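There is one chain below, alone, in C-alpha cells, taken in the form predicted on its own.
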Amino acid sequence: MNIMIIGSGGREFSIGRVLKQDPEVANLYFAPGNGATTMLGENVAIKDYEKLAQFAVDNAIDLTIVGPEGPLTDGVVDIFKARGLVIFGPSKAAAQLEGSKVYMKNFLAKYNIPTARYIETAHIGDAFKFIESLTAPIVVKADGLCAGKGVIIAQSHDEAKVAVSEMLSGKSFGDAGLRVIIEEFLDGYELSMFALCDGKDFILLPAAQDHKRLLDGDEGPNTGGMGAYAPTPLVDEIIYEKVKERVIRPTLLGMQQEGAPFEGVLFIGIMVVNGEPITLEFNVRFGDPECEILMPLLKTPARELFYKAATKQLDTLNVEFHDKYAVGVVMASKNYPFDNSVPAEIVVDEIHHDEIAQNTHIAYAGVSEEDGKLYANGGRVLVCVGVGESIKEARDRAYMLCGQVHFAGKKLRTDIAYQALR
C-alpha cells in the first residue's frame, strides 16, 4: 500500500513512524513533511491541493491521511474525493466543528450535547452583559482557527472584557476573533478523547491528558501542548460509556442530519465535573502531542484503522491496544511560545542502555535538515516518548530520553503526568 500524510509536525511524524514499521506499507510520502520525515519516507513539496491530488493519482496513492486542521477546513478532503481518491479526514462542511467555535457551540446546543453555558456574539455590549452574569474565571474564545491559542481563561470580569474587546477589534486574532464565544468556567479535570469515525460507526481510543501550560505546575501561558500521557487512570468505563452515549453518538447522528457526515478523528475536549463529562470543544484531527503517545499504544495496524475509517468499514474491524502506558515530553525552542528562535543544531547522544533503546523514541516536529544534521527551527521541536507497564515507568523512560537530546535553548516541563502520579 502507498500512503501519503499531509502535514509537517510531530503528529504526522508519529503516524508515519508506525506506518513505516508495517510491512504492508510500500511507499510513504509526506506533504510537506519536515527535516526528519525523510528518515521515514519521501517529502513532497506541493502546496496546491489540486496538484497534490494529481500527485496522488500519478503515484498510485492508496490512502491519504490528513494531520492538521488547516487543510481540512480548506476542503482538501473534498478535492481528493472528487478524484476518486481514498482520504482520511472530514469534509470541509464537517470540519466546521473546529473551523468555527460558534458553529460547534450551536451544534452542541441543538443536539442536546452537554456543554458549558455560553453566548456567541459579535456585539461588545451583549458580551459585557453576559460576562457580568458569570462568576470568574471566565472563558473567552475566538470563533476561528488560532493554532490552538484562541482561548483565554480570564481571572476577572475586567480581564474578560479586555480579551473580548481585543478579539472583536481584530487586535488579538484578526478575522478569527471578530465573533466570540463567552462561556462559564467549569471546575473539574480535563481529558482529551479521540474517536475515529466513518460517518456512522466509531472507535474510541484510550483517553489522554494534555499539559497546555508552558511551566511546571500548570503555570505560565497556554501553549499547543507541552506533554501528554495515556491512558489516564482518571477515566473509568462509566465515563467512557457516558462520552459514547451523550457526546459521540449524538454528534454523528447530528452531523448526518446536517448533511455533513463526520469522517475522520473527532477530538473531544472533555471536562469531568462531579463524574459527569461536559464537552468543552471539538477538534477534527488528532491532538498534538496526544497523537505521539496514542500511536505506540495501537496494536492493530494503523494502516487498517485509517483505511477502514476512510472507506466506511469500521464495523468490520476489531481494534486492539497494547496493555501499556505512554508518556510524551515536548522539547520546545528557547523563545516558545512568544517568538521565533534562532535555529540550533540537535545532538542526540548514542544510546547504550537497552531499556531506553527499546522503549523510547523521538517524534520530530519543528526541525529542518542541512548537510545531514537536524536543526531546531523554533516552536515545539520534538517529543520524547516513553512506553512502559506503568505511567511512572513510561514517564521515567521519557525523561531518560530527554537527557540524551541537546540543543541550545531547549525548554521542557519536568512534571508531565503529575496528575496521575501525585
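Predicted, not measured: the structure shown is a model, and the values here were computed from it. Numbering starts at 1 and follows the sequence shown.
Not on display, but discussed next: the form predicted in complex with adenosine monophosphate.
Colleague: Within 4.5 angstroms, counting heavy atoms, which one of the listed stretches 277 to 285, 241 to 249, 156 to 164, 298 to 306 is next to adenosine monophosphate in the predicted bound form?
Modeller: Single hit among the candidates: 277 to 285.
Colleague: Answer with one of L205, I131, V235, M271: the residue that has a non-hydrogen atom within 4.5 Å of adenosine monophosphate in the predicted bound form.
Modeller: The residue from L205, I131, V235, M271 that makes the contact is M271.
Colleague: Just give me the single entry in E190, E258, D201, D74 that has a non-hydrogen atom within 4.5 angstroms of adenosine monophosphate in the predicted bound form.
Modeller: Contact check passes for E190.
Colleague: With the partner left out here, check for me: in the predicted bound form, does some heavy atom of L186 sit within 4.5 Å of adenosine monophosphate?
Modeller: Judged by the heavy-atom cut-off of 4.5 Å, L186 is in contact with adenosine monophosphate in the predicted bound form.
Colleague: At the 4.5 Å heavy atom threshold, is V139 in contact with adenosine monophosphate in the predicted bound form?
Modeller: Close contact exists here: in the predicted bound form, V139 approaches adenosine monophosphate to within 4.5 Å, heavy atoms only.
Colleague: When the contact criterion is heavy atoms within 4.5 Å, does R179 count as touching adenosine monophosphate in the predicted bound form?
Modeller: It does not: once adenosine monophosphate is placed as it appears in the predicted bound form, R179 has no heavy atom within 4.5 Å of it.
Colleague: Applying a 4.5 Å heavy atom distance criterion, does K312 contact adenosine monophosphate in the predicted bound form?
Modeller: Because no heavy atom of K312 falls inside 4.5 Å of adenosine monophosphate in the predicted bound form, the answer is no.
Colleague: Where, within 104 to 134, is there a heavy atom within 4.5 Å of adenosine monophosphate in the predicted bound form? Residue list please.
Modeller: Only A116 sits within 4.5 Å of the partner.
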